[in-house]
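Presented below, as structure tokens, is a lone chain in the form predicted alone.
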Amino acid sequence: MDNVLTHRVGGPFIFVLVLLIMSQSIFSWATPFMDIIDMIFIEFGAFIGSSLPNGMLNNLLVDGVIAGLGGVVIFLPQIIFLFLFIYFLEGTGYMARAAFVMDGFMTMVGLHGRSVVPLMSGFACAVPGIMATRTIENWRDRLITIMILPFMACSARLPVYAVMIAAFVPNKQFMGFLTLQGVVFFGLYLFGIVMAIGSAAVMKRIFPMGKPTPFLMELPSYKLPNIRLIVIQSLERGKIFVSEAGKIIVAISIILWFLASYPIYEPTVSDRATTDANEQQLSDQMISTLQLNQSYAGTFGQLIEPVIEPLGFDWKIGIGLLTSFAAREVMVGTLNIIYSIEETDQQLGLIDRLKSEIDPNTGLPKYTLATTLSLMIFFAIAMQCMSTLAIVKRETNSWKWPLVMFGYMTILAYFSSWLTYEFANAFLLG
């Protein structure tokens, strides 16, 4: 088996194929469970909204807390399936072979073979991956590994990728057994690996060469993994995802709900002067939109909109980019809260709300495939994680390297996102 799985040519091909199957399965298998969770939160929000009297508490619970939590918890099945795959590959002994196969690429770009294990850990979370770089003796190799590790597609990015792909990438068959959504999702994982390797090649020329050290690794024997243990570990990771993200989301949801709900917009007589039911619904929608636009969040979002408009983003996405700095997955909860406050039809999920968003200036859909690709590229590159910067500061014992990381990744993300948006508009949609 090692003659095949660790082959110089066949080994990397098999590793890429494993990632492709994993990406496709995450999308296909998790969808039914996600639909159930989405419906539960919609019905629960409707129940709370109808049970409590109209007022601040009702709006806070329905449009703030429930909408924020529901926007993130819906992706729990995908998180669990991701870790099922990771723990399964580790349990069989294949993950060590993947690290061995990638060692050749790491050496070509000037990294140590020990960088492979931390980088592979980055698929789950960058924080333990950065801590795992302690096994790299050479400071230069360790620093480069730390600086490129956030490019690996961590589980916190998954909710953002999932909602944008589900909303705007057609669910068409691709090559018979694959779907276009799964291929795009796999492409984002592959893109993170390419960005990490490319950045390492550049940093190799910037940082001085240290004394090379040999890379020794024992390959474990092949074995059938303990399925019960894998399931328990994956569920535990899902529990951590909900508990850790939940605490952040509840806090941000309350703050964001207040900023998006105040000051209260007072409708004029003409806003309400209609007897037709359909016109009344449109009037209510207009009032909700005016409330959001004139709120503290809307005012601040429109202030920063000119900066992100070249990327195809509006002020709502801009607010999401700011809140996601606390945790990347908060981006989805933020959008869910904003659209819950604006949207009068509470039976719609976030994906349907994004699809139905209309640009008032053109009358065309607000979010296009170009916007989707631009946002995903931005999230694939940008340093949108406060915890990662904190752990980098601790591991390097300096604020210099976290600031350098934040700066170069943000600039690179901005220009890459801008190029993606312009290219998509010119060639894909033109």
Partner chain sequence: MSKTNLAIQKDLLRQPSTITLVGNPNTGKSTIFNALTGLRQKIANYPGITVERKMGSTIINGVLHKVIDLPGAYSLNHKKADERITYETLIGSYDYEEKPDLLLLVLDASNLERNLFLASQVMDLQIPILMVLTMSDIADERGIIIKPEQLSSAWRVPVISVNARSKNCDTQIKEALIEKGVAVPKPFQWNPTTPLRKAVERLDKEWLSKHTQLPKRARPIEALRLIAEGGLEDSFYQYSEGGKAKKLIESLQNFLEAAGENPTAAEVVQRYRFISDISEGSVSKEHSNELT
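Residue numbers count along the first chain shown, from 1. Not measured: the values here are computed from a predicted model. By rigid core we mean the largest C-alpha set that fits within 1.5 Å across both forms.
Separately, the form predicted together with its partner chain exists; it is not shown, and the next lines address it.
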{"property": "Triplet L57, E309 and S324 all within 4.5 Å of its partner chain in the model of the complex via a heavy atom", "result": "no"}
{"property": "Proximity to its partner chain in the model of the complex (heavy atom, within 4.5 Å), stretch among 120-128, 226-234, 256-264, 329-337", "result": "226-234"}
{"property": "Exercise: Y296 in contact with its partner chain in the model of the complex, heavy atom 4.5 Å", "result": "no"}
{"property": "Contact flag, P220 vs its partner chain in the model of the complex, heavy atom cut 4.5 Å", "result": "yes"}
{"property": "S50: touches its partner chain in the model of the complex, heavy atom cutoff 4.5 angstroms", "result": "no"}
{"property": "4.5 Å heavy atom contact, K355 to its partner chain in the model of the complex", "result": "no"}
{"property": "Within 300-314, the residues that have a heavy atom no more than 4.5 Å from its partner chain in the model of the complex", "result": "none"}
{"property": "Large Cα move at Y222 between this form and the one not shown, threshold 2 Å, rigid core", "result": "yes"}
{"property": "Core-aligned CA displacement of K239 at least 2 Å between this form and the one not shown", "result": "yes"}
{"property": "Residue shift check between this form and the one not shown, rigid core fit, I197 Cα at least 2 Å", "result": "no"}
{"property": "Sense of the change in Cα distance from P159 to S234 in the model of the complex - at least 3 Å versus the shown form", "result": "farther"}
{"property": "Pairwise C-alpha change, F191 versus R237, in the model of the complex against this form - closer or farther, 3 angstroms or more", "result": "farther"}
